[in-house]
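Quick heads-up: it's one chain on its own, the form predicted on its own, in structure tokens.
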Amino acid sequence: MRIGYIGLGKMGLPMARNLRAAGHELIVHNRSRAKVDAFAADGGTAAGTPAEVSSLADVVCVNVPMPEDSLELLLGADGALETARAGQLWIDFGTNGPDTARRCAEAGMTKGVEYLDAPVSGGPSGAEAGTLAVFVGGTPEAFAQGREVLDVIGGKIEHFGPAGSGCIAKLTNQMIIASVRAANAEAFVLAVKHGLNPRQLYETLMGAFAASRCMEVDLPNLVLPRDFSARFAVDLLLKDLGLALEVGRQSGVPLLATAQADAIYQEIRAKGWGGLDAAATFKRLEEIVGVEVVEPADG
């Protein structure tokens, strides 16, 4: 299959590599030309614009962080729509609002193109391993057409309904992890303030009802070793929370916990920490209280 891949970032590059390793022909485009040339040198075709990608590909994948980026790459000048043709499939792996997904789907229909919104979760390690959770929206026909691609990049793939449904499903994930990370930070900072060993508490909680994937990843890998370099940055989580809050307003669904989490992360960004990992909820509360959730000296 000839697959176009636009966006070779932390997630997109390993996903594109996995598709190439699965035997597909890749046509790639990225704002940074160096990444395109490096990818093509190992096998693949470099493209200068999204329109060029679309002219060569049966399936066009887009993997960029912002909704406006997806709209530009698919529908803008030199975008995929300019050279799209009937029978082509677009798969957008970015986390967008459902309105963006529906707009892209409707535009694709004018050329006979099917569209899937298919945001993913699992981080760069999941992208490398091909074990991502994939939240899919689109027609049943589009889902069937895209399944060969999705099976390469995902370990848990679910079709939730028409275009936009995948985005809503992914936003629920972001709402939950934002609130859970804020609660984890409060719990561990409180415990350390009272002299508890955070490693001991972590190991106990992971066997209790409070255990979560966020705790499992954040505590041993980021918080205790004091490494807040971004696996998933505060700025990107705030983008997702903003999208979720907008969907809540449009739907008449009060999202009180999400709004509180958004306020916490807005404060973190105001500290100049927007580029840090979303686990920086710990760092901000530690600063306020004057303690650190750190690996004990005795291990």
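Each residue number is its position in the shown sequence, starting from 1. Please read these numbers as outputs of a predicted model, since none were measured by experiment.
Missing here is the form predicted together with another copy of the chain; even so, the following discussion is about that form.
Annotated contact segment (heavy atom within 4.5 Å of another copy of the chain in the model of the complex): 195 to 203, selected among 144 to 152, 72 to 80, 195 to 203, 104 to 112. Annotation: in the model of the complex, residues Ala191, Cys214 and Arg284 each come within 4.5 Å of another copy of the chain through at least one heavy atom. Under a 4.5 angstroms non-hydrogen atom cutoff, another copy of the chain in the model of the complex has Gly252 among its neighbouring residues.
None of the heavy atoms of Thr100 is located within 4.5 Å of another copy of the chain in the model of the complex.
Contact check for Gly242: every heavy atom lies farther than 4.5 Å from another copy of the chain in the model of the complex.
Although the partner is absent here, Ala86 sits far enough away that none of its heavy atoms falls within 4.5 Å of another copy of the chain in the model of the complex. Using a 4.5 Å cut-off on any heavy atom, the residues of 248 to 269 that reach another copy of the chain in the model of the complex are, in sequence order, Gly248, Ser251, Gly252, Val253, Pro254, Leu255, Leu256, Ala257, Thr258, Gln260, Ile264.
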